[in-house]
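What follows is a single chain, given as structure tokens, in the form predicted on its own.
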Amino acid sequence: MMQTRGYAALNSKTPLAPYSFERRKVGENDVLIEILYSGVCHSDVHQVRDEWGGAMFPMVPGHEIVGRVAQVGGSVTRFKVGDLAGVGVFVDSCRNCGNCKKGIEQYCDGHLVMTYNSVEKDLKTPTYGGYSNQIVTDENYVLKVSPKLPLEKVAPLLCAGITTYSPLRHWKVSKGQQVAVVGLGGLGHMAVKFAVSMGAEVTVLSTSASKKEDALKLGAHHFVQTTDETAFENIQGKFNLILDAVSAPHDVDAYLNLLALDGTLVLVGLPEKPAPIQPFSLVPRRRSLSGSMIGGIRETQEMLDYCAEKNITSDVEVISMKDINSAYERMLKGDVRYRFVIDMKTL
């Protein structure tokens, strides 16, 4: 076993604090990554505070991981020492179900091993995430990272990036389509960048008037402040696709009437409370309400390659490890543009 340093939550009520734990030794098919940057996802807060239930403590969060390969197992063929590499939201899957064989491991019907707050395939060994100095992962679940892009801005692509890229690809967003993004945060700002790069006409829907300038700088063509009582009057039935990236409780039903015939609203944010939906918001225009969860390894690699080609990265604020608890509080207030990333040399 290898001694590893990190930050952990010991229970749902206490702040994250320094924590030492053990990772497995590098096996034949494993890659040891020295973690350089770890992104801070809104789901880290949900998990640490046990807002979704099922939290396992002690918990070392973090699933937006980039670093440098420090060691490889004897059978590893895709990586060598010194390579840049990334790890996202999961680190293994059953590999045998239909979805795994299709390359959409995120929908594994067997056992999806999440990067943290999960257990390995033995169903008893806990997993610990990227708020740490190193991680050992099977090479089949490690991503290649291009040296063309700044690493700190690549880290959030491993969750915020693929979470928005995947539905835009699945619903075949292309030139001439009308796309709306609800919420301009860690997920939303990536959705804008991707949708614009794919040729769509993009509208940002936000409660915050202060986000307008940023939305337009990110490439959005239009901005609508949703707290304005007349905000939706001129955009009823306009959008082919709406990507809802809000993780706080909000009125999802209000956005369904903005969809065109056969339009789809895709949930990628994860509020802790259910949202009521009126059938009449869906039925008369054959609208759909759907959801999407990250992407498989193949699609995540495709997304990283796409970002390197298009020069797309996340807008980040780099923080020290010791500032993680205040970063959580700031994130809940929307006080970040648009993703916190921990510089792991400060651990």
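From 1 onward, residues are counted along the sequence shown. Nothing here was measured: the structure is a model prediction, and the numbers come from that model.
FYI, the form predicted in complex with a small molecule isn't displayed, but the following is about it.
For the candidate set 180, 184, 135, 157, a heavy atom within 4.5 Å of the small molecule in the model of the complex is found for exactly one residue, namely 184. This chain appears without its partner; in the model of the complex, the one residue of 307, 321, 294, 316 with a heavy atom within 4.5 Å of the small molecule is 294. Of the heavy atoms in residue 42, some are within 4.5 Å of the small molecule in the model of the complex. Although the partner is absent here, residue 256 lies well away from the small molecule in the model of the complex, with no heavy atom inside 4.5 Å. Using a 4.5 angstroms threshold between heavy atoms, residue 208 counts as touching the small molecule in the model of the complex. Not displayed here, the small molecule is kept clear of residue 117 by more than 4.5 Å at the level of heavy atoms in the model of the complex. Of the candidate stretches 238-246, 96-104, 74-82, 142-150, only 238-246 has residues whose heavy atoms lie within 4.5 Å of the small molecule in the model of the complex.
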